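Consider the single chain below, provided in structure tokens and representing the form predicted on its own.
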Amino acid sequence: MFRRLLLAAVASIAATGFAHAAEIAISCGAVGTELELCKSGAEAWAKKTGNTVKVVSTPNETNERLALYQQLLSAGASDIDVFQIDVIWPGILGSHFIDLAPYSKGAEKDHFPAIVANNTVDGKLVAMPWFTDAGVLYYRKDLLEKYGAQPPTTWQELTDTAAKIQEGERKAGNDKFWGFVFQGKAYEGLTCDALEWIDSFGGGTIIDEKGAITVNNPKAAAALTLAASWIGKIVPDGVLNYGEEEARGVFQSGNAAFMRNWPYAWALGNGADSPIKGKIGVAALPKGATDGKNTGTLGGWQLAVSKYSKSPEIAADLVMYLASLDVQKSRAIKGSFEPTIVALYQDKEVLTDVPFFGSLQSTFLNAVARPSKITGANYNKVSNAFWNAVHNVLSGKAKAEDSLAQLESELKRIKRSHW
């Protein structure tokens, strides 16, 4: 009898790879289908390994989530084993995470090298890439055809086309219709949007890779001045309080011609219950001018294991499972979450369901990074100063030139903290 029980225990360990089962808590976002797909992936791993998983929902807004993470990690809390972290956080939170290289078996070599490098802090792989992102332009194919327009190649073209479609749709009886929606609330999402505007005009990246403050320049001012001209004209005043989901809500309900958002909105916009299913096009975000460039801010999320976890080896196994090719492929097809594994950009099933992953691959590969690496632990202060300066311009509280000059002074003060 004892021998049979011993053999059964050995067989169980061999199947799971662990000497004991554990409950692993993972934090997941809840934008779009994030939470649902995180739960299904984690539950599949639990079934396979004999462990259990507790999925912890966290705030959608990145700055609120970061504050929560910093509170937990600074206290050395073991409540969460696996953290879903933003691409801009490895330099801020990396000291609280284990090195995943001993558990990866070299799997990181299959992912975009730039993201792996971003996730490597002091020689340690503190997070595995899970999905990447870059801002893109969504548009209503049917409305562009109706008004004889093409996807805009410059922001001025977008301004003019959005105004034309808005006027026509309102005359046709939809007084709730707007030309364009984006993320205009004073939070990290506005940093992403405004960096796209400024970089597309040739106005730089706020702070360059050597640490020089570059944001106070005429091209950056021109970009913000144009954006401010949209408010109340082709963009609702309420956009000043919009995050990703608020913008998607307006666009997906059929009340906007254009939207700036992340790739996740594609699957939802084409869902069975979407009023605009089959009517959506996706393009690179416009250039600042004909001599400008298309640009999208680099986004994306990673998975990291807390060094305060009581079961770090098992938590690392969950990370490697969720970051695997099969799981990333499933998430790409079901939720249009952009893979970090290079091979999936040639996968026919992925490209059939999300065709713009192929047509806009150069946009994703050349996305502009926020200055998180050079500013390190001070990045959140930098971004907070930037999004507030931009919000002041959009809300009409300050002219672009004045706001950028004040921002430069504030960034110089932050820089004295030695980023």
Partner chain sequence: MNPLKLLKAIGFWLLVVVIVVYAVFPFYYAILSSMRSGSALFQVVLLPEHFDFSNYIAVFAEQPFARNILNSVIVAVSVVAVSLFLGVTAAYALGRVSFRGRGALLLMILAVSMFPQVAVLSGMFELIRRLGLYNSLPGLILANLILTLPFTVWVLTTFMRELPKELEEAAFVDGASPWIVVRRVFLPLMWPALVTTGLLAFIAAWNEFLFALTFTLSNEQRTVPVAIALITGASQHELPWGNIMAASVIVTLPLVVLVLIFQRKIVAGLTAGAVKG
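Fair warning: this is a prediction, and the values are worked out from it, not measured in the lab. Positions refer to the first chain, counted from 1. Between two forms, the rigid core is defined as the largest C-alpha subset superposing within 1.5 Å.
Below: the form predicted together with the partner chain, not depicted.
Asks: Under a 4.5 Å heavy atom criterion, is A114 part of the interface with the partner chain in the predicted complex?
Replies: Residue-level check for A114: no, no contact with the partner chain.
Asks: Determine whether any heavy atom of E145 comes within 4.5 Å of a heavy atom of the partner chain in the predicted complex, and answer yes or no.
Replies: No, E145 is distant from the partner.
Asks: So, G50 and the partner chain: in the predicted complex, are they within 4.5 Å at any heavy atom pair?
Replies: G50: no contact with the partner chain in the predicted complex.
Asks: Just checking whether L68 would be counted as a contact of the partner chain in the predicted complex - the rule being heavy atoms within 4.5 angstroms.
Replies: It does: once the partner chain is placed as it appears in the predicted complex, L68 has a heavy atom within 4.5 Å of it.
Asks: Given that the partner is absent here, state which listed stretch (209-217, 282-290, 241-249, 117-125) has heavy atoms within 4.5 Å of the partner chain in the predicted complex.
Replies: Every other range fails; the passing one is 241-249.
Asks: Which one, D133, E169, D193, E108, lies within 4.5 Å of the partner chain in the predicted complex by heavy atoms?
Replies: Comparing distances to the partner chain in the predicted complex, the residue within 4.5 Å is D133.
Asks: If you check L360, V56, L351, A44 against the partner chain in the predicted complex, which one has a heavy atom within 4.5 Å?
Replies: Partner contact (heavy atom, 4.5 Å) among the options: V56.
Asks: At 4.5 angstroms, heavy atoms only, are N60, I80 and W262 all close to the partner chain in the predicted complex?
Replies: Looking in the predicted complex, the three residues N60, I80 and W262 all sit within 4.5 Å of the partner chain (heavy atoms).
Asks: For a quick check, can you give me the residues of 292-309 that have a heavy atom within 4.5 Å of the partner chain in the predicted complex?
Replies: Contacting residue: only W301.
Asks: Taking the rigid core as the frame, does T58 move its C-alpha by 2 Å or more between the shown form and the other one?
Replies: Yes, because once the rigid core is superposed, the C-alpha of T58 moves 2 Å or more between the shown form and the other one.
Asks: With the core lined up, does the C-alpha of R260 move 2 Å or more between the shown form and the other one?
Replies: No, shifts by less than 2 Å.
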